[in-house]
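A single chain comes next, written as structure tokens; it is the form predicted on its own.
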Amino acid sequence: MSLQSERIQLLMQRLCLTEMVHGYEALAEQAAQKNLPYCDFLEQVLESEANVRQERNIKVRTQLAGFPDLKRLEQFDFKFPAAIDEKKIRELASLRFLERHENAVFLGPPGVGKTHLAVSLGMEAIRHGFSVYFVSLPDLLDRLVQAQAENRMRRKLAHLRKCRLLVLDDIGYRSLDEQATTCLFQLISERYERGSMILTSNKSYGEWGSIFQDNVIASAILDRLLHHSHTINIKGESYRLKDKRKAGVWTPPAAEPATSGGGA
């Protein structure tokens, strides 16, 4: 290694240009072979450093987001659900709804891909520089109730308000008591017209009153959620059970026969 190379590497290390330290010599050789202008060579070196930093940043923010697993939109089988609005989901993937502080709500039975789509949109948001936090609603409400008991509620809500996209998974898998419902209302009110949310639920809006055990507060929550929102209804059987059904291991329960009545 020449003295000049040593000086260049020391300068790069002092400037924390970690990618340049390992890659600039190869790029310099290529530039010499192609007789590239100095500015073109400098642009290549800086672009290489910037790309590595961006990928490192994406990796860290993806880990901090708390996704249960990593799913991309390209992995989703749009042909499997019996009914799904692919055009609307592609529009959400443009992330314009984040810029407008709008929400997205995925409704459908278990196993139709609601969480997959929520995660994939979250990952797309991270790749475009947005901060994302994913959490199941029951887990989050347990933390909020505890924070309220310890007089940390304001600080907790302020933290949840900062992320550009909050993904709340599994609304409806557990009924909420009055305290948990109040905490959810406070959270949604804090983020109303300030930040976007993606929510997934196995229950229709008409059934949300039974989740919150209070139709009044359910209406107040829905009023804020749906004022600026996109609803995606997904119909079909569970993707997780399709192979078992094909193998004859599992059979969907038969629909109950309609009871005869006296009038139409």
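The structure displayed is predicted, hence computed values, not measured ones. All residue numbers refer to positions in the sequence shown, first residue = 1.
What comes next is about the form predicted in complex with a small molecule, which is not displayed.
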item: Any non-hydrogen atom of residue 97 within 4.5 angstroms of the small molecule in the predicted complex; value: no
item: Close approach of residue 172 to the small molecule in the predicted complex, 4.5 Å, heavy atom; value: no
item: The small molecule contact in the predicted complex: residue 138, any heavy atom under 4.5 Å; value: no
item: Distance check, residue 130 to the small molecule in the predicted complex, heavy atom within 4.5 Å; value: no
item: Complete contact of 161, 188 and 193 with the small molecule in the predicted complex (any heavy atom, 4.5 Å); value: no
item: Option from 138 to 146, 107 to 115, 174 to 182, 122 to 130 whose residues, in the predicted complex, bring a heavy atom within 4.5 Å of the small molecule; value: 107 to 115
